[in-house]
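Next comes just one chain, in C-alpha cells: the form predicted on its own.
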C-alpha cells in the first residue's frame, strides 16, 4: 500500500511539473508580451526594454522558469497589475472565500446525492426511483446562470426573503450564502445521485445480496453493511472530481451573486490580462485537480480490495 501511495504521489509531482512548465511557457515565454501586459499597451519601446532588464526577463528561459518555481515555493506570487499590490494579499483571501462556499456546498450536495441515489437504487423501477431520476436529470440540465436567475426572481424579487448579492460587505453572513450554495447544489447533486443510483441498483441484483435476503437478515443491515460500501465504489471518483469543479468551475455563480471568491478573481484577471494572478490561479487549480484525483485513486483502491491486492 505504501508503495502504491508513493507511486501515486510521484506521478502527481510529475504532472504538476509538466503543467506548471506549460503554464509558464504560455504566459512568460515572450518577455515583451509580459512587459506590455504589466506596463500597458501604450508603453514606449524604451520603457519595455528597461522593464525587461530590471525584472530579469533578459535571462534564459530555463533560468527564469527555475526562478519562478522557487518564488512559488516560498509564496512569492508576484505583483498584481490590477490591484497594484502583491498577488498573495488578494489570492489567499479569495481562495479562502471559495473554500468556504465549496465546503458548504460539497457537504450538502454529497449527502443529498447519496441519500437520494441509494433510495432510488434500492427500488429500481418504482415511482420513487423514477421521481428521483427525473428530478436529478432536470436539475442537472439547468445551467448555473439560469438557476441563479430563477432563484433570484423567486426569493429576492417576488418573496423578498433573501438578499440578491453575496458580497459580504458587513462580514460573513449565512443568509447571503443561501442562494449561491443552492445554485451549486442544484446543479451538482443530480450527476452524483444518478451514478449512485445506477451503482446501487447493480449491487442489489448481486448474488450475495440475494443470499443475505434469503437468510432473513434485517434489510437495514443488508443495505448498510453489505450493499452501501460496494455501491460507493463508482460514485467515489465522481465525488472527488466535484472538488475541482467547486474551485475553478464556480465562476458563473460567484459573478452572478457578486461573491468575492477564486472564480471571480480568475475571471477578472483573464479579462484584464493580470498575468501573475492568472499564473497563481492556474497553479492552484491544477494542484487541486491533480491532488483530488490522486486521493480519488487511493480511495477507490481502498474501497475495491480487488485492485488493492493486485
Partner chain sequence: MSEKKILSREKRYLLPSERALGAETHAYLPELCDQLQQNKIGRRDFLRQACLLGMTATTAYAMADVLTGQSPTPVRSALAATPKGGGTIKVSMRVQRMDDPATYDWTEMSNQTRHILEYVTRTRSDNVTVPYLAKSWEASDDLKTWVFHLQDGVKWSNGDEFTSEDVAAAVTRWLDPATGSSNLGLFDAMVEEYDTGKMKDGKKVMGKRGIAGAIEVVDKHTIKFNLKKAALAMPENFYNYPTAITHRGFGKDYAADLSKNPIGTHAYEMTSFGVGERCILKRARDWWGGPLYLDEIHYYDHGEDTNAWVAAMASNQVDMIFRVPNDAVETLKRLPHVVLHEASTAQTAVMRFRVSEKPFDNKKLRQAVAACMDHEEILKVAFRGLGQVAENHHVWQGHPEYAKLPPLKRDVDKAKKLLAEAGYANGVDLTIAVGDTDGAWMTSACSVFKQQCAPAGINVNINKMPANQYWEIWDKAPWGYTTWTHRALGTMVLSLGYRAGVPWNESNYNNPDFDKALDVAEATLDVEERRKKVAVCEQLLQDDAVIPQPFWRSVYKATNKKVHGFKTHPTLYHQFEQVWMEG
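Only the largest set of C-alpha atoms that superpose within 1.5 Å between the two forms is called the rigid core. What you are looking at is a predicted structure, and each value in this text was computed from that prediction instead of being measured. Residue numbers count along the first chain shown, from 1.
The same protein also has a form predicted together with the partner chain, omitted here; what follows describes it.
Mapping the unseen interface onto this chain, residue 46 counts among the residues with a heavy atom inside 4.5 Å of the partner chain in the model of the complex. Heavy atoms of residue 144 never reach within 4.5 Å of the partner chain in the model of the complex, leaving it off the interface. Contact annotation: residue 268 falls within 4.5 Å of the partner chain in the model of the complex, judged by heavy atom distances. Using a 4.5 Å cutoff between non-hydrogen atoms, residue 238 does not count as a contact of the partner chain in the model of the complex. Across the proposed site, 84, 157 and 164 without exception bring a heavy atom within 4.5 Å of the partner chain in the model of the complex. In terms of contact with the partner chain in the model of the complex, the residue from 283, 256, 243, 35 that brings a heavy atom within 4.5 Å is 256. For the candidate set 96, 112, 135, 168, a heavy atom within 4.5 Å of the partner chain in the model of the complex is found for exactly one residue, namely 168. Considering the partner chain in the model of the complex, the lone stretch of 120-128, 230-238, 76-84, 101-109 in range is 76-84 [heavy atom distance within 4.5 Å]. In a rigid-core overlay of the protein, residue 159 has its C-alpha displaced by at least 2 Å between the shown form and the other one.
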